[in-house]
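In C-alpha cells, the next block holds one chain alone, the form predicted alone.
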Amino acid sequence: MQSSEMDYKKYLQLVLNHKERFVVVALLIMTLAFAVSFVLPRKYQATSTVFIEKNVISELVKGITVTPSMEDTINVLTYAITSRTLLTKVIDSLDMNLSKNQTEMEALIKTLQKNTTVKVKDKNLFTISFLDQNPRVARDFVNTLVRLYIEENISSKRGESYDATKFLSEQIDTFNEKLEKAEAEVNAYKRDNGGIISIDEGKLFEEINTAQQKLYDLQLRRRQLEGMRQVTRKSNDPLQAKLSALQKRLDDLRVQYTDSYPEVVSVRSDIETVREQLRARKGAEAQPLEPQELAKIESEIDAIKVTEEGLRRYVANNRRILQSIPTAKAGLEKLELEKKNQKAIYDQLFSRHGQSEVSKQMEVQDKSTTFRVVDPAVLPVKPSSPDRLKIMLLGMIGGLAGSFGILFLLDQLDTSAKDVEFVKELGLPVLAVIPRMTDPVQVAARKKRSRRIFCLAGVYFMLMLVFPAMEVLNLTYMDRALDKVYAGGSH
C-alpha cells in the first residue's frame, strides 16, 4: 500500500517537475490525432430501405400456387444482391468500367462487394448501404443496385414461372403417353388371361375335390362290377355250382361229424371228382347261363371307364389352371401397379401444372411478392467515416497518456542520482546532503515562462476544442476547406 502511494507521488512529482514538457507533448500528440482525423480519406454512406410486400392475392391463393416463401426470399437476398452478375450490370450502368482492364475490374468488384452492406431489419424490411469516397457515386450505386435487383428479381421469377409451366406441359404429354401405354398393356393382358384371372381359386379347388371324389366312387363301382362279373361267370357254371354245393355240404357235415364219418368221406370224394372234371376242361371258359345279365354288367363297366377318363382329364386340366392362376394374377398386379404409378405421377403433374399456371399469371400481372423502395438513397452530406469525434476524443486521452509515457521513459533513461533514497538503495554511505540553492531571479523567470506556456497551451487547447464542437454541430467547414485544398492540389 505504501509502495503504491509512493509510486503515485513519484509519478505525480515527475509530471510536476516537467509540467511544461508534459503539456507541450500532450498537445502535440492531440494535434497529430486531430490532423489524422481530417487527413484520413472520407467515405460517404448511402442507404436505401426496401420493403418486401406480399400481395393480398398471394394469401388468397396460398396452397394452390408455387411461390417462394418470405424466408427463402430473405435468405437469397444477401447473396443475390452482391452477386458478381448484378454488380457487373451496375458497373456497366454507371460507366464505372471505363478504361479498366480485367484485373482492375476484378479489384473493383471485390471493392464493391466489400463496401456493400445488406441488413435485414425485419422479416420483410431490409437496407442496402454502400461506402465510397464520392457521395454521388455512393448514392447512384445504391439506387442503381436496388433498381436492377428488383428488375432482375421480377424478370427471373417470370422466367422461372414460364419455364416451370413449359416443363410441366412437356412432362404431362410424356406421362400421358406412358399412362395410355400402361392401360393398353393391362387391357391386352386381361383379354389374353381374363378367363384364368376371373376364376375363383377356392371354388375351383372345391370342384377339383368333388370331381376327384366322384372319380374315386366310380372306380369303386367299377371294381364292384368287375367282381360281380367274375362271380356271375362262376355262378353260371354247372361244375362250379356243384362244387360249391358239395363244399357247402362238407362244411355243414364237418360241424357235426368227424372226417371219418361215411357221408363226409363220400362228399369229399364227390368234391375231388368234380375238381377232376374242372381240371379236365383244361381252362376252357364256362358258358354263361344268363348272357343278358353279363352283357349289362360289361356295358356299365365300359361306361364307367369312359366317365373315369373324362374325370381324370377334368381334374388334370383344372389342376393346371389352378397352378397358373397365381402367376396370371401376379402379372396383372404388376401391370396394374405400373399403371397406378403412371396415373399418380400424371395426376400430380396435372395438379402442379394448374398451380404453375396460376403462379405464372400472378407473376405476369405482378400479383405476387413485390419489392417497394421505402427510402431511396439520397446524397450524403456528412462522411460516415472516419469517426472524427471518436478519433479526437481518443487523441486527447492518448495525448495525456503518451506525454506521461514519454516523461516516464526519459526518466528511466536518466541514470543520475535524483534523491537520497536512490543513493541509499545503492548501499553507499551518505555523508551529507547539500540543499539545492535557488536563485530568486531565475525562479521568477522560470515561473513567468511557465505561465506563458500554460496560457498559450490553454488557448491552443480551446482552439482545438472547436473541431470536436464542429463535428457535434455537424458543421462541414473543414470538409469544404479540405475539398478546396485537394481541388487546388489536383490542378
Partner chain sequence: MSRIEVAMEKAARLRQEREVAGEPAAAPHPAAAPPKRPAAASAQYGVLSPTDPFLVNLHDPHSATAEEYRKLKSALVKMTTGEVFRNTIMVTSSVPCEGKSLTALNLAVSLSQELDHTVLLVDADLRRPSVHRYLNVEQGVGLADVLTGKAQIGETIVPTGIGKLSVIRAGSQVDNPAELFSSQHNKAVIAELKNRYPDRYIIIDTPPVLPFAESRSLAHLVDGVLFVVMERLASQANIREAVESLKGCPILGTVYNAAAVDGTDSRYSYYQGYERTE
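Not measured: the values here are computed from a predicted model. Residue numbers count along the first chain shown, from 1. Note that the rigid core is defined as the largest set of C-alphas that superpose within 1.5 Å between two forms.
Quick note: we don't show the form predicted together with its partner chain, though the next part is all about it.
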### Query
So, in the predicted bound form, is residue 418 in contact with its partner chain at a 4.5 angstroms heavy atom limit?
yes
#### Entry: Close approach of residue 414 to its partner chain in the predicted bound form, 4.5 Å, heavy atom
yes
### Query
Can any non-hydrogen atom of residue 459 be found within 4.5 angstroms of its partner chain in the predicted bound form?
no
### Message
With a cut-off of 4.5 Å between heavy atoms, is residue 438 one of the residues that contacts its partner chain in the predicted bound form?
### Response
yes
### Query
Which pick from 445, 428, 35, 463 sits with a heavy atom within 4.5 Å of its partner chain in the predicted bound form?
428
### Query
Heavy atom within 4.5 Å of its partner chain in the predicted bound form: which of 423, 40, 27, 453?
423
### Query
Since the chain is shown here on its own, which stretch among 445 to 453, 41 to 49, 428 to 436, 27 to 35 would lie within 4.5 Å of its partner chain in the predicted bound form, judged by heavy atoms?
428 to 436
### Query
Does residue 430 move its CA by 2 angstroms or more between the shown form and the other one when the core is aligned?
yes
### Message
Is the shift of residue 469 between the shown form and the other one large enough to count as movement, that is, does its C-alpha move by 2 Å or more after the core is superposed?
### Response
no
### Task
Please say whether, between the shown form and the other one, the C-alpha of residue 39 moves by 2 Å or more once the core is aligned.
no
